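What follows is one chain in structure tokens, specifically the form predicted on its own.
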Amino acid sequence: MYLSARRPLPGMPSAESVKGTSGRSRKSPVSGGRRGCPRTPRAAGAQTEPCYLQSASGRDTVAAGRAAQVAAAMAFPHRPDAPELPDFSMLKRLARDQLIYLLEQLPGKKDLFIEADLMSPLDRIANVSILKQHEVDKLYKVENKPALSSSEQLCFLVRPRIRNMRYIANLVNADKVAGRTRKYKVIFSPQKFYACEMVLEEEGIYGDVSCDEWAFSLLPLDVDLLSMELPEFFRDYFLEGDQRWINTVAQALHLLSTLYGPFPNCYGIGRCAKMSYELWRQLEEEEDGETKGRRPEIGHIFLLDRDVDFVTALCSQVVYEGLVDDTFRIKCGSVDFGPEVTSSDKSLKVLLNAEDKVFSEIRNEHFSNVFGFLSQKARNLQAQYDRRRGMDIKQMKNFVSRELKGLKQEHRLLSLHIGACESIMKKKTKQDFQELIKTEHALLEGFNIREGTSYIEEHIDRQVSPIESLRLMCLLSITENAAKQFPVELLFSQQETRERSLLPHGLQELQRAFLGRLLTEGSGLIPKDYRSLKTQYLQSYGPEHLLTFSNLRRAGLLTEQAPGDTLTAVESKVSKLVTDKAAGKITDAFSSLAKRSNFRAISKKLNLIPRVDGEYDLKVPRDMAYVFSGAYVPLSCRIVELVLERRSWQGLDEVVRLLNCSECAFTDMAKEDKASSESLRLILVVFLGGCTFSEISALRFLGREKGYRFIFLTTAVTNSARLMEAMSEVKA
């Protein structure tokens, strides 16, 4: 039998049992042992489905008899009347053609040195056979060891990093010492930085190498997902304050508007979003003729800074694609499944996108729904195989030539995803994921903070994972705040109020935001808890993590409550702001303050914690909260939803103030008039600093409910572990 190749998923029938199934509903076993988790009878040795896979408000058994209904719901990821997505394969062709053009500028055979970070993206654009066609002889990885290339021409494909320039300089200088003459070409991706050229000059090899740019900044990972593959963007900007990648973002947006028409409606929130928008507008104005008169294909664009919503990125993911990412690490749209998944002694690299029929139907689903779908899928597949019985020779020939290959491919994919589910179940059950999720939900809701703190302390003492412990501490810090806002006007005398009124409106608002931030007390952990957790962490995982705490504080991820400024100090700063009309000085004053969170107030204002009577139905979710088991609506997604409803930031002034961010909105009526009703339902959401698969799934759900289609552009796909690793000074 075709489906007997592997052990069946818990709750999923084997090939033999599928064959004999007569449509009776079957119960999917659920684990017990924890409060709120009833047991159901199961066969000896059967695996169990943990309670954390059920909804936050009620943990009941999942009937596999509803699998057909679930499968039907999953089969339609968007509404039939939803607009068609643009064809982003053009971006791949453009990138490939430009790379080939750059390689051919070095005629003849050559060896290509590729930085590790570029290998996976390059493989999606131009595989080895394409490179060989254009006289690339051997491929080498840029690493800290001598190069053994014997070629007379060397080409380097690298990110614009100082250490790469040192590597190239050492190789060229070693050739000079050996009296060897070769040609060297450096291709920077996605752009060339002046600092890199300066290093080459300092090393005395600037005249020996030729430099070019490969403007590869948009990689289509799926039909609706574009990535810039810049994971360093988050640390560089949100920790170091390095703005070098903003130009890359602006260039990417300019390329999209050139290829797919102008964007009539633009919205942004966050300082990075605002700078990217302004630089992009400059590029548009300089080359206005390229998009002039074109009909827009995408009606709206959102630019969102990652630090607007840290909470969503810090939460554990429970949609299937998010769990696969957390467990196996999806890299550049593909994942390496090990022997525990493939049921063989080899690993297998699998591309995860809409072309995978099984994956496309379960990727956005809560994990508890996946079992019923896979069970029904196995039955349907077996039924299709069984059709061959009783066929005559002609029918069998048609079956083999038209259907068999597709059925075998579907069986292979089904087998892999069953294995992935089993592996996720084993790992998460071993990690006591249920208790972890319960603690996260309590922190989000602001309940049982003491119990949550005790759980984190136990997590640290057991040395479960340094990254996981940091994540939980950050989530506790951001969600535990009781901010008290003082009326700004109370700090001004009548004379100062009159002087303040003479300031331009923009500076008045900036000043108000600054003071509101200055007078927010209680954000972060109370000093006692902060010092206790920090001490326990350093004792458990080592003092080398000390600098990591400094990074987390600077980024606003893990902060300690501090007493408010004295009135004298406040008056001094207020006086300075009133008399100093320079906006730059006010911006400097902003950056001198530690970032603070107002999550509780924002959560209440935007109803991020749904209040539902009874159990939250994860099979037929009512809102975007399903991506966190009904416990929390992603803040970033809620902002997109509300702005789309209003077509502006109107009515969200208080939210923007609580977020301590600047917002921008721009509508070009001339372009909007040219846009079709279909294009106005296409929305591009740009995440600066990374986005999670949970956010992508939530917005896909919103699109299905409202008739939109969302397109995602991110600097890189991220999750809580990647976020913490970017902040860590201790590299694994």
Partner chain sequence: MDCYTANWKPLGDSAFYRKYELYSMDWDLKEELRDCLVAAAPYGGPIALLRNPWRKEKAASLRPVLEIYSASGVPLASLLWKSGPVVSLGWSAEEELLCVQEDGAVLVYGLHGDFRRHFSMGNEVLQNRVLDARIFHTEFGSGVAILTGAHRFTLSANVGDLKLRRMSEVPGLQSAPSCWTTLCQDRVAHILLAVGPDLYLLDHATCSMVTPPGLAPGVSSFLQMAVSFTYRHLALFTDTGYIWMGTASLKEKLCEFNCNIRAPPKQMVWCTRPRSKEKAVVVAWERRLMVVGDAPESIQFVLDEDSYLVPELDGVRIFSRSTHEFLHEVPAASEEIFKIASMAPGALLLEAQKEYEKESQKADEYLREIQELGQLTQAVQQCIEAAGHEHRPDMQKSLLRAASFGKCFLDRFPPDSFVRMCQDLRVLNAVRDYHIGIPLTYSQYKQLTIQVLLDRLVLRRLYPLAIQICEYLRLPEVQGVSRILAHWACYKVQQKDVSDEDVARAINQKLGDTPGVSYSDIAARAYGCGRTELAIKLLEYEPRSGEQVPLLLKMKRSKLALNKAIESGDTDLVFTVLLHLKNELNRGDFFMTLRNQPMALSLYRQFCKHQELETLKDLYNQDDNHQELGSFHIRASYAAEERIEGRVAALQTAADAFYKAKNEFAAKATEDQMRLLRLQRRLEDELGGRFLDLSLHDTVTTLILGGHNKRAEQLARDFRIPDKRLWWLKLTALAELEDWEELEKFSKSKKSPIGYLPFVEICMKQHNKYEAKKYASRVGPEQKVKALLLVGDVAQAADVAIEHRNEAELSLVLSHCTGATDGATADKIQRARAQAQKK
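Since this is a predicted model, take the numbers as computed values, not measurements. Residue numbers count along the first chain shown, from 1.
Here the subject shifts to the form predicted together with its partner chain, a form of this protein not shown in this document.
Contact annotation for the candidate site: Ile162, Arg166 and Glu202 all lie close to its partner chain in the predicted complex (heavy atom within 4.5 Å). The partner is not drawn, yet in the predicted complex one stretch among 656 to 664, 215 to 223, 549 to 557, 111 to 119 has residues with heavy atoms inside 4.5 Å of its partner chain: 549 to 557. Proximity to its partner chain in the predicted complex, taken as a non-hydrogen atom within 4.5 angstroms, holds for one residue of Leu255, Leu94, Ile100, Leu538, which is Leu538. Of the listed positions (Met198, Cys211, Leu351, Ala383), a single one reaches within 4.5 angstroms of its partner chain by any non-hydrogen atom in the predicted complex, namely Met198. Under a 4.5 angstroms non-hydrogen atom cutoff, its partner chain in the predicted complex lacks Arg622 among its neighbouring residues.
Contact check for Lys183: no non-hydrogen atom falls within 4.5 Å of its partner chain in the predicted complex. Although the partner is absent here, Glu422 is not a contact residue: none of its heavy atoms lies within 4.5 angstroms of its partner chain in the predicted complex. Contact between Pro80 and its partner chain in the predicted complex is not found at the 4.5 Å heavy atom cutoff.
Contacts between stretch 216 to 236 and its partner chain, counted in the predicted complex as any heavy atom lying within 4.5 Å, involve Asp236 alone.
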